[in-house]
Ligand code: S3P
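So this first bit is one chain, no partners, the form predicted on its own, shown in structure tokens.
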Amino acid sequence: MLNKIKIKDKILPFNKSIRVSGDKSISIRCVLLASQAIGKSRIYNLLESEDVINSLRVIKKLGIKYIKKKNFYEINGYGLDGFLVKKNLTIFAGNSGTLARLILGLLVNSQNKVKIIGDKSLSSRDFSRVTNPLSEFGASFSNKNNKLPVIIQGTNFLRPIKYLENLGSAQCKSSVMLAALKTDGKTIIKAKKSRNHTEIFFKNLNIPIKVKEKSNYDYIEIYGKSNFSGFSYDVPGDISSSAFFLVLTLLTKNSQLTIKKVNINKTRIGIIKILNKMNANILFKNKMKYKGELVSDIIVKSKSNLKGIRCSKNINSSAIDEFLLIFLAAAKAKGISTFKDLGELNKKESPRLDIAVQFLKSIGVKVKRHDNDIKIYGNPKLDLKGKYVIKNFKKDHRIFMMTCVAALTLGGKFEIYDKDSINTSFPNFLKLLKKLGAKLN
């Protein structure tokens, strides 16, 4: 079967309710922290995507047993020194930068060398942003050009560090936080604002941590070495997965959608803040706190009078995985939308900023770019008639899903390759599209 889909019809109006898959960021953290706990952990609604399944395979290679039962995964951990690292061990992180970078933080005390490898996309990404601070703890690294494969050699003589994270990368911050767990003494982190799931997890598990939130940076203190007990966790829906359906609904006439039980952590809802500033009307209903995370139903209605926005760069980190969709909304908005300092987009699974600009221009949207700043000249009457073939985007799952939303809302005849890329983060994406009435060939 060819690894592509064809879309030739816009989606018809709908009024429905769905639930998206479990949050990927939280799912991976659940697996890794359960591997470090003492005793059994139960994880419900774990996202069964390639990135998360690879996380389970990695902890199994490191001596941690798990089993899938009826509606949860049970992971049996042996504490902070519980990994059994065999000689000449190689572990595969697939496409997941979160997994690859966070597992390095957990291997800083490994007595044997471990080789981390990934797929072609992950192997093109910069790992010096984690190997540099982790080496300050005392771990040793061997790699070429700061890319995968990376070989780590841990040590028994870890020392706490002071670390400045100024990229707004939750992966880098979390890798250092996990290394700090294994280190006697106090590690101090000054981190540019980014998603804070790891901090919330630490607090929920009673790991000694102090967090002071400032306007642009958070100050974090972690006290190691402190073991913690196994836990139970029900993973809420993923806001990044929900985002595709938010924009699909906004751009589909006479439509309304309710997305149930989604994680609306304040560090993750930048897309909703941006879209509402563009004149959307996205509402939260049935809000509740679950183990430190805010969870809610999200209600969105179609909007024909979206307006352009001057987007503050201070909000970038809380919408970094959703900008492809924000650009799509801006293409249909009235007026000019301005976005700045988006270089981090090109450090994702693909050079997303480059590809997004290329895609928008290919469908007739006027875009001006200067370095990592772009202006999108919106056209509320944008209605495509031509044929479009979308391929050679490095199998980036978010590029694939964004172009599906574009095809279903803007018209034209689309042929989109690499549909299997969704297995990385959102395997039932196409199934949910069909539930809403999308015709996919």
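Computed from a prediction, not measured in an experiment: that's the story for all the values here. Each residue number is its position in the shown sequence, starting from 1.
The following text describes the form predicted in complex with the named molecule, which does not appear among the structures shown.
**Student:** Quick one: which of 23 to 31, 377 to 385, 405 to 413, 63 to 71 gets within 4.5 Å of the named molecule in the predicted bound form, going by heavy atoms?
**Tutor:** Going by heavy atoms within 4.5 Å, the stretch is 23 to 31.
**Student:** Would you kindly say which of P160, G168, G230, P351 lies with a heavy atom within 4.5 Å of the named molecule in the predicted bound form?
**Tutor:** For this set of options, the contacting one is G168.
**Student:** Can you work out which of I152, I320, L181, A191 has a heavy atom no more than 4.5 Å from the named molecule in the predicted bound form?
**Tutor:** Exactly one residue meets the criterion: I320.
**Student:** I'd like to know whether T98 contacts the named molecule in the predicted bound form, with contact meaning heavy atoms within 4.5 angstroms.
**Tutor:** Yes, T98 is a contact residue.
**Student:** Does the named molecule get within 4.5 angstroms of any non-hydrogen atom of K332 in the predicted bound form?
**Tutor:** No, K332 sits far enough from the named molecule in the predicted bound form that none of its heavy atoms falls within 4.5 Å.
**Student:** Answer yes if any heavy atom of K260 is within 4.5 Å of a heavy atom of the named molecule in the predicted bound form; otherwise answer no.
**Tutor:** Because no heavy atom of K260 falls inside 4.5 Å of the named molecule in the predicted bound form, the answer is no.
**Student:** Considering only heavy atoms, tell me if R129 and the named molecule come within 4.5 Å of each other in the predicted bound form.
**Tutor:** Answer yes; at least one heavy atom of R129 falls within 4.5 Å of the named molecule in the predicted bound form.
**Student:** Check each residue of 398 to 418 against the named molecule in the predicted bound form and list those with a heavy atom within 4.5 Å, in sequence order.
**Tutor:** Contacts from 398 to 418: just R398.
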